[in-house]
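Given next, in structure tokens, is a single chain: the form predicted on its own.
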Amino acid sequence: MIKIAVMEGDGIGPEIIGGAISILESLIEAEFLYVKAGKRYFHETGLPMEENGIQKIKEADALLKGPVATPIRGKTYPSVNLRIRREFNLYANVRPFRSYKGISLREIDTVIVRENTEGLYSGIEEVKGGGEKAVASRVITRDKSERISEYAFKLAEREGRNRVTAIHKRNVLKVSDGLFLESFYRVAEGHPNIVADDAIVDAAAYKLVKVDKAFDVMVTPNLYGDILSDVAAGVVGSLGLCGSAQIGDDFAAFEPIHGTAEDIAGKGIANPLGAVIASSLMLIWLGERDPLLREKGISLRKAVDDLVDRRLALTPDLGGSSTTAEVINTLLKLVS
């Protein structure tokens, strides 16, 4: 039986992850291992994650998680997300974006493949000059740049896509982004059937907003992928319509890309579709071992698209009036 570790997270996390779990329970036989973590747990215990949390996750085949807050004011703690990425070496952050008529600003069918372990998010920071200067080190290495580029090209081949674009700021960051771009084109030589090109990050953001189907697969250093994901989500029409996968060689974690949205927590109006899309990505990834799971993951994503395209149940962020529970109940009928 499949074992899935579950981290509900903060804010709307328990609501949307609970909805996603009910969908999964209707599709597959699985054991769910709940892991306590985040701001709420920190306030209760003083710990960002339960002491055996990592061990619980290691016992599972995959992790499904909600948004976990890292306080930026007052008493804080190291990012739970960063700890999981480093513990399981989840180097590829994969975020697909797909448009819907009447909701999206542009036609988009793009996958952002974001390097997930280095760049400006390496966490190497220091204060100098008696507190007058703060310095963050941006780390780009050849091996990790080649690894994420290889992942992007293989994803394009696997999904029948024909173009991979490297995103950079080499015109300013000549050494670090220069190394990233050089590594990308070195890997591209091994994939002659895929078009390889590149775009400066600010121009890429503009094209995402202004041009239909501007990109196919985008491969990016960490920070650029983080920012461009929110731009792409805006083009799609809502952060609530986007899920993500964090993938390593032996393990993967899946989550919606939005934050905790604490202002609407408990009101029953949170959009659960990002968590459901993340669940479909999880089933597709698990399908590398069991093709039936892949089929179920694909059918679940089709059900989400059907629900949105036909306006069967939309939460307020999409211009509808449905509750979280109504969206989940509608999806349950579509996948049954």
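Quick caveat, the model's predicted, so the values are computed rather than measured. Heads up: residue numbers just count along the shown sequence, starting at 1.
Missing here is the form predicted together with adenosine-5'-triphosphate (ATP); even so, the following discussion is about that form.
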Just checking whether M282 would be counted as a contact of adenosine-5'-triphosphate (ATP) in the predicted complex - the rule being heavy atoms within 4.5 angstroms.
no
Hey, in the predicted complex, does G240 get a heavy atom within 4.5 angstroms of adenosine-5'-triphosphate (ATP)?
yes
Closest heavy atom of I264 to adenosine-5'-triphosphate (ATP) in the predicted complex, within 4.5 Å or not?
yes
Does any part of R114 reach within 4.5 Å of adenosine-5'-triphosphate (ATP) in the predicted complex? Heavy atoms only, please.
no
Taking 4.5 angstroms as the heavy atom distance cut-off, pick the stretch from 270 to 278, 55 to 63, 23 to 31, 298 to 306 that is near adenosine-5'-triphosphate (ATP) in the predicted complex.
270 to 278
Only one of S229, T260, S183, T110 comes within 4.5 Å of adenosine-5'-triphosphate (ATP) in the predicted complex by heavy atoms, so just point that one out.
T260
May I ask you to list the residues of 298 to 336 that have any heavy atom within 4.5 angstroms of adenosine-5'-triphosphate (ATP) in the predicted complex, in sequence order?
D317
